[in-house]
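Below sits a lone chain in structure tokens, taken as the form predicted on its own.
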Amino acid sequence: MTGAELWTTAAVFGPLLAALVALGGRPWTLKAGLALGSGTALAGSLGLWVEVTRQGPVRHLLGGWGAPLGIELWADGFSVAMLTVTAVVGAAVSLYSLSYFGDLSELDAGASPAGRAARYFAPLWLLLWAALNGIYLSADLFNLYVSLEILGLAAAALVTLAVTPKATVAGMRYLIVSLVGSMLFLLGVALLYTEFGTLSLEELAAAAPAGPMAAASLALMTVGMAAKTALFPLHAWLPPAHAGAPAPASALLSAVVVKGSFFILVRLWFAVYGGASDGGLLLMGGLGAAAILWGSVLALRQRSLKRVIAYSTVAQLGYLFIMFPLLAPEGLGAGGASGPASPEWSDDAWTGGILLALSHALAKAAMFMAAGNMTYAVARDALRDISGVAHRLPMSFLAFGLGGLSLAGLPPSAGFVGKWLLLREAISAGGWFWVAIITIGGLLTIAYVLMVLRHALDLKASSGDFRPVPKRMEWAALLLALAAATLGVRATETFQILLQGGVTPWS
């Protein structure tokens, strides 16, 4: 077994094996499962980072069988970057969950809501982790579909672990949206297979899908994945689900789960369809712009801490879709006209957009965990109830602030570097609309982050009730926030890996 084969196997099957260990439901099996899953995922992602940096994109034919009969795993710079940030966020959330759900040794698993949450969080999260890694490494549409289904089912179950009526309703709504999205994706896959006789992404890219059948397939898969990503206007399910879930689950849903469907959209639109059309790219960018404005305004109107962060997710995901038209800057002046997008992809837009996705994962996980610490301490979620908490939880306050500053795009964070690259590309291409949207979105982000920080600093309305927060939970949030901040300082290494394979790895 080569090094690449070892690391791809560890990345996908390590968390899956860990999920089976955690199914034992005993305190030691839960801890062992989380440790095994975190260790194998981190080792696999870092090992692949080294392999891809040294030799470029790598492939692994499971059992020696490739397309069209076998399962082929593919790792390029994009997939490795997403694997790595998921591993870092996942390890931190796993550590955080050990304290969030209480002392596992004192829980009679299944006998109480807390016991059930503690028992089922670990196996569900590890199963979800394996599915996410499977998405990042899959090289064919069928295995993408299978991984999507596992991801959606596990994520919906995580939402309901709060065991409240609101969480149950939100989980069911998320499940319905997820299943509908998967059904649309499967219909698109069926149309492509009917037309081209293959499900391999590489072979489809070589076939250069075009014509009515290919366009219908892309439309179906795009709507399905946009719903799973919560792209405006298909976002209504996200705020209740993310706000109603336990803090570790909220961090995962916002930071990494929505990135799985975004990853598929990028692969489809650019690696397989070659950018589709200028009009389509402008439409995706327009929906991203609407998401930034709508999500930010609604975040400012919330009075619940977790709902502020949830609507922030809607807004921040919009930046990832502004990348679409900026990747083909010559199409910005097309006015929405149909026709092939320019094959000259912008490196600035590519590295900036994906760096924003990585930064968002780290910062948003840190913010949800910091918010979880605050609500854990005061046993309430309203903004007025966290008044004065900054003076008792300075590490959580700092983590939330650093994460928020990264989302707003202030230096030296990765959010700043990513937005600067998008702005530079938009300015050079004359896309002043995108410049205005990115700038206004940054100002709105600062506004709702400062709104939360002001409440946390306000001593006048502080409550006397305060539950001590385990240091492990505070450190987990702070370390991710620091990672989001320092990623911008060390962005060069990320740029190098993202250019291994680039936008169209099979061209």
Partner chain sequence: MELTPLLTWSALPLAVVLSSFVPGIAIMFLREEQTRLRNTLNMAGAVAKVALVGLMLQGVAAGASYEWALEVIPELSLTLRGDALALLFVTLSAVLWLVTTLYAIAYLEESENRTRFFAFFSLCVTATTGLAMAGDLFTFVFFYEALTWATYPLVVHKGTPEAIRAGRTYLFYTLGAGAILVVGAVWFQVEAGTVQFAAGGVVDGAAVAAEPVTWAFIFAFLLIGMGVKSALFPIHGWLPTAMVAPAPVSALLHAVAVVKAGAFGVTRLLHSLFGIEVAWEMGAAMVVAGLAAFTIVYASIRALAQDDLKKVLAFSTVSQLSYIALGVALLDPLAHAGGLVHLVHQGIMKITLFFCAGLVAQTLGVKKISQMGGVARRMPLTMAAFTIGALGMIGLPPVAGFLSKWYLGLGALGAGQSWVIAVLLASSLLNAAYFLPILKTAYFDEPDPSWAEGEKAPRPRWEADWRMVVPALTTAGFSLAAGLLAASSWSPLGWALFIIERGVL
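Being a predicted model, the structure only gives us computed values, none of them experimental. Positions refer to the first chain, counted from 1.
The following text describes the form predicted in complex with its partner chain, which does not appear among the structures shown.
Screening A271, A92, L421, I437 for any heavy atom within 4.5 Å of its partner chain in the predicted complex leaves a single hit, L421. Taking a 4.5 Å heavy atom cutoff to its partner chain in the predicted complex, the contact residue among L283, L410, A290, A207 is L410.
When its partner chain is considered in the predicted complex, L405 lines it closely, a heavy atom lying within 4.5 Å. Shown alone here, A219 lies farther than 4.5 Å from its partner chain in the predicted complex, counting heavy atoms only.
A491 belongs to the set of residues with a heavy atom inside 4.5 Å of its partner chain in the predicted complex. Although the partner is absent here, F416 lies within 4.5 Å of its partner chain in the predicted complex, judged by heavy atoms. Here the chain stands by itself, but in the predicted complex one stretch of 387-395, 261-269, 275-283, 82-90, 387-395, has heavy atoms within 4.5 Å of its partner chain. In the predicted complex, the residues of 428-447 lying within 4.5 Å of its partner chain by at least one heavy atom are, in order, S428, W432, V435, T439, L443, I446.
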